[in-house]
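Below you'll find only one chain, the form predicted on its own, shown as structure tokens.
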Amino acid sequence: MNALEFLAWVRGPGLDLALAVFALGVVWRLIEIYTLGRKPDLAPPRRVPAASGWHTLWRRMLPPPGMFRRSPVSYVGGYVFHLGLAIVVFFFIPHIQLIKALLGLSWPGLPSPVIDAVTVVTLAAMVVVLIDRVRRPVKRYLSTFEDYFVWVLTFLPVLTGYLAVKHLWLPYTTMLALHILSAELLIALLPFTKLFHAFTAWGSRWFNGEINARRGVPV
């Protein structure tokens, strides 16, 4: 298989396979989570559950008091690379064109120099967060193979995409194919790794706030 055949495969059958695994995995995991059930709470709520759910959802997006000073790299780096990743994925014009081809949705993109700058900052933030994880004994002790595996899964599509756009390291066709393949691996494995928090973080935070409000726990 030459470079053009490899590119054709990842843009065709490879993409179809990744999207199929992603869709089935997401549906399966959501069914698995929401069919666990929950015992009825017969006690009257001590506060308004829904309001506390939304309050907790918002509050968990901010660092707890004192934690930003204790671990600034985790929070700054985390915010930067999550925001940067979202900008690169959803505002790079070729990505928008792909989403339009798949879903029929479209919106204005950002200029290429802006995307380039955001990509470099995102890559740097991810490297800094990884170094901080490795250098801090507690974080290193709590980290598992999956944490590093997920980091690689997220880092490679950003890196290979930047290298492809800048025509660096390998021929453009090969690098583009590797970029698409790495993105497809990320898409296919997302439902089965900690990356699934993209779907569960909001609901779990709201649920914690709602249930704690019913029990009178301060939120």
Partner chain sequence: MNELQERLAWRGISRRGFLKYCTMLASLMALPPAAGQAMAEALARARRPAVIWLPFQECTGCLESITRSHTPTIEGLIFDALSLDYSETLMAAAGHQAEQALKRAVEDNAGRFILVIDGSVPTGLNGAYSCIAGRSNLDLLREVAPKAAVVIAMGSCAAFGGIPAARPNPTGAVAISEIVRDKPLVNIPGCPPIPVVMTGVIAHYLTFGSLPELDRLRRPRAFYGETIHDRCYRRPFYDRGLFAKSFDDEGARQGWCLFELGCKGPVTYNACAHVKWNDHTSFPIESGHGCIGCSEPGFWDAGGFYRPLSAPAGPLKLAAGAVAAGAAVGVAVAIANRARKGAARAAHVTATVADLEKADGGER
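Predicted model only: the values in this text are computed from it and were never measured. Positions refer to the first chain, counted from 1.
Beyond the structure shown, there is the form predicted together with its partner chain, which is absent from this document and is the topic of what follows.
- Checked against its partner chain in the model of the complex, the candidates 101, 120, 138, 86 yield a single residue with a heavy atom inside 4.5 Å, and that residue is 101.
- You can rule out all but one of 73-81, 88-96, 145-153, 123-131: in the model of the complex, only 88-96 has residues with a heavy atom within 4.5 Å of its partner chain.
- Not displayed here, its partner chain is kept clear of residue 190 by more than 4.5 Å at the level of heavy atoms in the model of the complex.
- Though the partner is left out of this view, residue 17 does reach within 4.5 Å of its partner chain in the model of the complex, counting heavy atoms only.
- Proximity of residue 23 to its partner chain in the model of the complex: non-hydrogen atoms within 4.5 Å are present.
- The shortest heavy atom separation between residue 176 and its partner chain in the model of the complex is within 4.5 Å.
- Taking its partner chain as it sits in the model of the complex, the stretch 154-180 comes within 4.5 angstroms of it through a non-hydrogen atom at 167, 171, 172, 173, 176.
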